[in-house]
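Below sits a lone chain in structure tokens, taken as the form predicted alone.
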Amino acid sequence: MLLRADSISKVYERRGREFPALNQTDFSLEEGCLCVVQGRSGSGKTTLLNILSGILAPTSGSVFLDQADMYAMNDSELSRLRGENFGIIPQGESAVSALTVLENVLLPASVFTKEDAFIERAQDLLDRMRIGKLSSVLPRELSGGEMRRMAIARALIRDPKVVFADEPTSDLDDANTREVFGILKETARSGKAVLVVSHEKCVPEYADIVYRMEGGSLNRCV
């Protein structure tokens, strides 16, 4: 397994009371797999994604990328692991408005390396997403579907092992929703592990594995 979680949980405390967001959960994800987690708002699915992607430390349990215990690392080590191995497509609009499409895609490449080395790859990704001719425009000139394809290109710029997407089609119409899921399916088939949190009804057409999250508990559907 490329990504594995053993008995992870998350409990928040407020005014002396505990609020469980994620019950003890085991999870694994392989290369070449598109996995989707569905569930109502507040069910714990985004909490699960944030823990698996190294953004939110679990209250208990461990997460491994290959053999690396992510939450046994210090902040610097974990930040580097995320930057070198994970691509994240956040919910909603996440572009920097003052930067061009190409500059937005290059942002993750500028953290640990010189982004100049990634310019050709960034343009190739934009071409694959069919927005190559828009590389020099600002995000405000993009449609919703184009904005989401830019976010996917940005997530792939460092050739990550795992791609995480949090409701990547929440504000898109049916045609753009299917296009985005088609791209994510293609991304998984290229050898990436892809984990998507989504409420879309068309998920079974694209997903290799579907889970349902209810009340902080994860159950496999397909």
Ligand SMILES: Nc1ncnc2c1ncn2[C@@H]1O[C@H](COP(=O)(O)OP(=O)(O)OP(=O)(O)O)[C@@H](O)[C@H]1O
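Numbering starts at 1 and follows the sequence shown. Since this is a predicted model, take the numbers as computed values, not measurements.
Heads up, the form predicted in complex with this ligand isn't pictured, but that's what we're talking about next.
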property	result
Stretch in contact, per heavy atom within 4.5 angstroms of this ligand in the model of the complex, of 46-54, 28-36, 149-157, 63-71	46-54
Check all three, 13, 167 and 199, heavy atom within 4.5 Å of this ligand in the model of the complex	yes
Residue among 91, 97, 136, 79 with a heavy atom within 4.5 Å of this ligand in the model of the complex	91
4.5 angstroms heavy atom contact with this ligand in the model of the complex for residue 182	no
4.5 Å heavy atom contact, residue 191 and this ligand in the model of the complex	no
Close approach of residue 210 to this ligand in the model of the complex, 4.5 Å, heavy atom	no
Interface membership of residue 21, this ligand in the model of the complex, 4.5 Å heavy atom rule	yes
Partner contacts in the model of the complex for 26-42 (non-hydrogen atom within 4.5 angstroms of this ligand)	40, 41, 42
